[in-house]
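Next up: just one chain, as structure tokens, the form predicted alone.
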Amino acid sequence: MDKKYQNRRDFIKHLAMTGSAVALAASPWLGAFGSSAQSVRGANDMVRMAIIGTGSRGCELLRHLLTFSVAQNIRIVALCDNYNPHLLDAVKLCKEKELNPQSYADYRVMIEKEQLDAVIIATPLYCHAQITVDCLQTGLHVFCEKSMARTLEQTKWMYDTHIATNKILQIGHQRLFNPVYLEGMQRIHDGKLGTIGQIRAYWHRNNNWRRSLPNNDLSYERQINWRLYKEYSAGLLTELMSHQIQVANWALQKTPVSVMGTGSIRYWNDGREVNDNIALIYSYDDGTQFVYDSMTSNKKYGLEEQILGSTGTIEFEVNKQYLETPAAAPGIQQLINDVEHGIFDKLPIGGASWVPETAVNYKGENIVDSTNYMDTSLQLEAFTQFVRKGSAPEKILKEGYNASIWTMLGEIAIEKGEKLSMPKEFII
């Protein structure tokens, strides 16, 4: 192993002892930021935050914040949700840490009344754009969960408001801060996989994605199960694939030139409007294809992003790199392997004169030695540091923006049955 990889391996080992700040120090985004901007606030300055949207994802983000809020000098000033049971869940989490943030049902009242530096938005997708724009225009820095918004126009509106206000807008693509992805992407960009010919990704589950209603009251159906209705969500595209198109763009350091796809409701015929299975192909200007599929009625293959190059393959979710021509096993072990694979077997008369091209039985090597980290915490710690500095690397937002735009274009391609490119007005 070369010195660079040895150093990265060491920083992962230190991670368990010193916390996620070590990984942040190794992030290429933070390195780029540190070389181009001066801190406008001291490291000990308190960062005053509020969370808007305290459902399952909002509470998960809150849990991560609570693990390092003292060390990072973060004060959780307020919580906001218009569904009271979710708001009470978040209040309970804070009380367990002897914290008593103010509670609000209306974010507009909250941002007018409270002294805040930043907000975290984890509401349903269709609410993102208006809340983000209102907060940016109030002078607040914003961390918003992915996807950015429900439409192309709303996504561009959020980006343009960020430019106009000069306030941070960070989108929740935590893989950008994940040590496995940071190291793997460095190898890809250094040419360690050769020429990338194809990227494959998938996300398979086996559940109906439906959540129970309070007292089986159907009046809550669209509020609770918003992911199942086109007015509020693009389903598998915005909730899952948006993560993985971001990985593909990051690996290739470019965005697609076209997308085509298909989808249907094959299994969950329960009144939902979004597809329960999809398949898309994104094409890039160098001929590389990103092939994607997702479904909710079979979980065998789980999720993965596979980067396939002429000299190797990376599978990020399992932390593996595979060489096309791995080193031969030494001595007697190679002889045993040869015998086991039937190299010395006689070919029967009339038997096959070819060997099928089955998958290579090769376990590969780990990209990093340990995965004992929380990338959600890493991205929230990074956001805190960006707030203190007053700005963030524009590259992070552009990753989120392009992932969101191409996710929406994928949905439109499926609906129209057409091959689509990005309209000029959405290019940044």
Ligand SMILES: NC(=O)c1ccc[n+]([C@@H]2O[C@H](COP(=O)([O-])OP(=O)(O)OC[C@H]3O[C@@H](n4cnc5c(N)ncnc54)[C@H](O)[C@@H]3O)[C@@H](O)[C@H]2O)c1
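Just count from 1 along the sequence shown to find any residue number. These numbers were taken from a predicted model, which means no experiment stands behind them.
Separately, the form predicted together with the named molecule exists; it is not shown, and the next lines address it.
By the criterion of a heavy atom within 4.5 Å, S56 is counted among the residues contacting the named molecule in the model of the complex. Taking the partner from elsewhere, K146 is found to have a heavy atom lying within 4.5 Å of the named molecule in the model of the complex.
At the 4.5 Å threshold, heavy atoms of A248 stay clear of the named molecule in the model of the complex, well away from it.
Among heavy atoms of R187, none comes within 4.5 Å of the named molecule in the model of the complex. Proximity to the named molecule in the model of the complex, defined as a heavy atom within 4.5 Å, holds among R210, R272, H243, R200 only for H243. With the partner omitted from this view, the residue of R75, H204, K320, H86 that lies near the named molecule in the model of the complex is H86 [heavy atom within 4.5 Å].
Taken together, the three residues P124, G172 and R227 all come within 4.5 Å of the named molecule in the model of the complex, as judged by their closest heavy atom. Only one of 124 to 132, 311 to 319, 212 to 220, 282 to 290 lies within 4.5 Å of the named molecule in the model of the complex by heavy atoms, and it is 124 to 132. Counting a residue when any of its non-hydrogen atoms is within 4.5 Å of the named molecule in the model of the complex, the hits in 73 to 93 run C80, D81, N82, Y83, H86.
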